[in-house]
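A single chain comes next, written as structure tokens; it is the form predicted on its own.
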Amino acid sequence: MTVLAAEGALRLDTNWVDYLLIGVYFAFVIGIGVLARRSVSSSIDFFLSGRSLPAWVTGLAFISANLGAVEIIGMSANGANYGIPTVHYFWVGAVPAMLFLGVVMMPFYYGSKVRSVPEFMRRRFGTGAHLVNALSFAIAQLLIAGINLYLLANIVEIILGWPLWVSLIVAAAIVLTYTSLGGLSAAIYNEVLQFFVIVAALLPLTLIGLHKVGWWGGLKEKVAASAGGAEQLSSWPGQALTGFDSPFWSVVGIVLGLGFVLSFGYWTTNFVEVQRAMASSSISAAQRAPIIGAFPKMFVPFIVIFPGMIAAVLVNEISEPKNNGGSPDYNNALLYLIRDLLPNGMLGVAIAGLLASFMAGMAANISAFNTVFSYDLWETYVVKDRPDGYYLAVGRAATVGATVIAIFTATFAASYSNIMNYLQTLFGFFNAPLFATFILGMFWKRMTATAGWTGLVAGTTAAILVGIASQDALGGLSQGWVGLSGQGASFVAAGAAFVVDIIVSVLVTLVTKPREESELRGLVYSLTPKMDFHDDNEGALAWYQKPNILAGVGVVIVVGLNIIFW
């Protein structure tokens, strides 16, 4: 495979076959948007697909929405940088929370008929917590959409050699077209297509790479002989990943910071994911969506992390500076491997898979943003009591506005050599305090409305202060006052946000007046009879369609995977 270099830049040697395959993929993407537009006649169709989709569709969309640019590029970068410990982002930092969401929390979301997670917060805590949550969520989605757009534009630049700003505009226009046409339905059906395209792209790359290094045995031997050493072949204690010198505190950081605060904060309260499940056709289907998504999520590491590890020992641009104490550009690890291993034709499929992942992530951010902006901000606080068609138009306008803003926020991502550091910092700021407020309010009926918004503000402030005090969590804003760096700093920031939020919420609750219990039915676990959120059709479901049984199977598999790669 030859490489076309322009001023030292990475280039992929694409030909007409590759472009044809990419063109066919884009034709399907736009076609799905056009077809989905026919089913959009109301705002609920545009924002929640009319709550009509089957569980297998929303389940695959659930996982595909997360399988975006950050997941593919970020986790392969982590694989090249840290090795096997990166699996914690999946087997500790995702699957348990996804199963919990399906079994415990989706009945509340779906059964209460709310249109978004911030709307649930408004019903539980009133407008104070609702406004803080809606604003912070909207800002977070614009920043994360920028990450996905930056990586998408980077691929276009590598393929065609266009300037980055041109690539940003073209990439944004493609996502905007199908998202504004068909709303959530277009995003979800494209996410299902994108899931299969991503697997078709990354599975052959992984197998070819493993063959090249001598399969698993050869990969272990080469990784052990590299600068990372044998530590990169065991998932625990993962000190290189966390940046902690102590094995004990590294495990604590992974289990509590990643596995509890960041993971549950992301998967159970992040509307980007929850929105897909809320588009399901029934309560049991909504419960199954994240549980179904958990099964492919368990095996994504094998086609994302392993290629990163292979690149770290095969690709000169990664292995040489890594072994000589330099700083490789880990974000390009997967692209280098694609460049070196795949022939034309397969190269086109791989590029289409990467483009699919980047568009899935960005479309998920944009579709969640336009819902929260339209329902939770515009309709609630700006223009009330207008016809449904008005808010549908607002949603389409918000889609355009968010895409334009994402072009500018994309530039923030360029300053991070490992994009996961930036992403985990954002999660610590926005998701960790929300999870603390949400989980406390759902299981503690005494918690008050004032405690809801003060806890959110205090928790977010605590995370930001930790980021400023760290060495690199906030880029140039970090002061280096404490010895925290990389993703370990993000874990500590998330933990600080969670603890401070809980403490402030409890203290404020003790000096403020709670709501009447009769007002909290359907919002607090202990005050909601199971019959309120019961699916009448559940008795007719086969055993493999029952959420609790599916979740139990998922627990067994993920525990087994953790033991195998201990």
Partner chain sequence: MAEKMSGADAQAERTRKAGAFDIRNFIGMLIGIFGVVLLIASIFDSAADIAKADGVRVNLWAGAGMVVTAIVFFAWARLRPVVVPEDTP
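Positions refer to the first chain, counted from 1. Just so it is clear, the structure is predicted and the values come from calculations on it, not from any experiment.
This protein has a second form, the form predicted together with the partner chain, left out of what is shown; the following refers to that one.
Taking a 4.5 Å heavy atom cutoff to the partner chain in the predicted complex, the contact residue among L377, V349, V103, V255 is V349.
This chain lacks the partner; the member of G161, P247, G345, P321 within 4.5 angstroms of the partner chain in the predicted complex by a non-hydrogen atom is G345.
Contact check at 4.5 Å (heavy atoms) against the partner chain in the predicted complex: all three of L20, S52 and D340 pass. Residue contact check for R521: none of its heavy atoms lie within 4.5 Å of the partner chain in the predicted complex. Looking at M447, you'd find every heavy atom of it more than 4.5 angstroms from the partner chain in the predicted complex. Within 4.5 Å of some heavy atom of the partner chain in the predicted complex lies at least one heavy atom of L193. Although the partner is absent here, R38 sits close enough that one of its heavy atoms falls within 4.5 Å of the partner chain in the predicted complex. In short, of 525-533, 494-502, 512-520, 29-37 it is 29-37 that has heavy atoms within 4.5 Å of the partner chain in the predicted complex. In the predicted complex, Y189, V192, L193, F196, V197, A200, P204, I208, H211, K212 are the residues of 188-215 with at least one heavy atom within 4.5 Å of the partner chain, listed from first to last.
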